[in-house]
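A single chain, nothing else alongside it, follows as structure tokens in the form predicted on its own.
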């Protein structure tokens, strides 16, 4: 392993530890010493990468959101139909939250309330990630699968807003369960798609033909 790879690996460990500390204790109560203990590095080592605790917090989502975007982009290349693509995005996003619960807690319960986060590189990466949904909706409008009199931004907000509401309950209240959380994918997408699909698309490609979770897992 090269020196650069070791440096990046140590940084990743610090970010993972920070996500765990902040998810469990919150930003106010979580401390740099806590992160140092969790990551197994010295406080001085943490400050080599991050100027302060807030900078560390703001850095937590960047690597994770880039990884999620890469996963979604890969799967979308293998899927035809905008409704199927929307379902894949939602399913993969929820699965990612389940597999990275600390990251989900930092994003949903801490960073969404911090106005200064808006000016960070990580927030820019999240905005770019969300544009994938806009592009899929726009694609559906252009191909005639979706009605063309809808606002892609509002449709994306409706879809992801519903998901965020369910995820927040999952994080704070412990329900739905992980399995039930993924079970929300079809009802949410079905509700959205039935409202925006054209009659022709509904006739040609009924919703029940949309890819199932096991199909995505096999990719």
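Numbering follows the first chain given and starts at 1. Everything quoted here is computed from the prediction, not taken from an experiment.
Below: the form predicted in complex with the DNA, not depicted.
Q: Under a 4.5 angstroms heavy atom criterion, identify the one residue in 186, 43, 178, 63 near the DNA in the predicted bound form.
A: That would be 43.
Q: In the predicted bound form, which of the listed residues (182, 150, 171, 32) lies with a heavy atom within 4.5 Å of the DNA?
A: Answer to the contact question: 32.
Q: Check residue 13 for me: does it contact the DNA in the predicted bound form (non-hydrogen atoms, 4.5 angstroms)?
A: Residue 13 lies outside the contact set for the DNA.
Q: With the partner left out of view, is residue 48 within 4.5 angstroms of the DNA in the predicted bound form by any non-hydrogen atom?
A: Contact check for residue 48: yes, within 4.5 Å of the DNA in the predicted bound form.
Q: I'd like to know whether residue 194 contacts the DNA in the predicted bound form, with contact meaning heavy atoms within 4.5 angstroms.
A: Taking the distances in the predicted bound form, the answer for residue 194 is no, it never comes within 4.5 Å of the DNA.
Q: Does residue 53 reach the DNA in the predicted bound form if we count a contact as any heavy atom within 4.5 Å?
A: Flag for residue 53 set to yes.
Q: So which stretch, 186-194, 163-171, 34-42, 65-73, is the one near the DNA in the predicted bound form (non-hydrogen atoms, 4.5 Å)?
A: Of the stretches listed, the one contacting the partner is 34-42.
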